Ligand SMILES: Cc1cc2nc3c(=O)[nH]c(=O)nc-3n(C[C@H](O)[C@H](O)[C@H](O)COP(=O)(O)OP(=O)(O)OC[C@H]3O[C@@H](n4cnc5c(N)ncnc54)[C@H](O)[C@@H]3O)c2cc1C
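In structure tokens, the next block holds one chain alone, the form predicted on its own.
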């Protein structure tokens, strides 16, 4: 049984650019240092296996999901970063991948260096997942949408409490909610959340860069194309990585759109834009396995760090093996209960905790930028103080005011307004809410409480 809080394939996965690759930025050189050569080899094997299994399932289901084989590139334009990519290419080769260092790409600008891995894949994620869901239902799996889980009691069997008051019992439970809604093993302390914007523009087929590209420069830039019809391709560009609830999101969209139109001459206008969110583990390795050290029937899959297509398929295969009494060679690598490396992981963990603490305490001490709800223009929102309490107030275009508590129902951080997506967002752990306070994205499971305020 699948219990989905909203609609399947409509959340993070529905907004992904769907690169299915074993080349994940500069992961292998880092893994050699933190997990050793064997850890890097297991990571490469598991991710390559996931990519191949994704293609195999698409073929088995005969689903039209625009699956295309393309090379994947991690690149830099700054010569100062070329040596790091040479190291990454060498580490990826040592891990068993046929990766090469090159300066020859299909991009319309020169690069100082790139790691290339051929025969990777890209596809339409919703088309693939909806076909997979239909196949599962034909096999007896029940999919319940608009069914939010709010509680988990572990035992034999486990018991799930639903938002509507019903309960579900099951021998085994997998918490696969992107960011976990239950923290039984300290995962909140080991993961940070980032949000990235996406723009798309039709381009002539001759302008197709014929590959999947990513760089950490300029706040991340990720590029791929997809079929668009009429002899054109849809250029999809991702970037402007930021913590939810921070920064000027409309300005970030403008920067990303400007970079896209300046960089790709065939792109004459932006046709689509959206955003996606990812959870990053402090040691860069996803958490897939037991929910906590004492768990016997509760499992977790999270922390894919922007590579949820290959990571999600890897997690499915790993957990399926565990639930049926089997094991895969990389089980221990991804185990959420693994001991953290105090020397190598501590800086990232402390940085994450400092940022969370800054928002939890600092946002409370900061004077609201808007003095009262009356000062909020139509079509915008702001956190204001009302009778000593912080309220998240949005005034729609006709002047109607919507007011809810500004305290995130997850752990109490104060939300901020995202003007580009008309949402309230928590900068601590990434929960997102509509202007009416309803949960759009966890880990929060309860809506923001409504508030009655007087306005002029």
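Positions refer to the first chain, counted from 1. If you're wondering where the values come from, they're calculated on a predicted model, not measured in any experiment.
From this point on, the text means the form predicted together with the ligand, which you will not see here.
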Determine whether any heavy atom of residue 185 comes within 4.5 Å of a heavy atom of the ligand in the predicted bound form, and answer yes or no.
-> no
Can you check whether residue 310 is within 4.5 Å of the ligand in the predicted bound form, heavy atom basis?
-> yes
Is residue 177 close to the ligand in the predicted bound form, meaning a heavy atom pair under 4.5 Å apart or at it?
-> yes
Looking in the predicted bound form, any heavy atom of residue 447 within 4.5 Å of the ligand?
-> no
Please determine, with the chain shown alone, which of 326-334, 147-155, 373-381, 99-107 has non-hydrogen atoms within 4.5 Å of the ligand in the predicted bound form.
-> 147-155
The one residue among 198, 89, 318, 201 placing a heavy atom within 4.5 Å of the ligand in the predicted bound form is 198
Heavy atom within 4.5 Å of the ligand in the predicted bound form - qualifying residues of 263-282 = 276, 277, 278
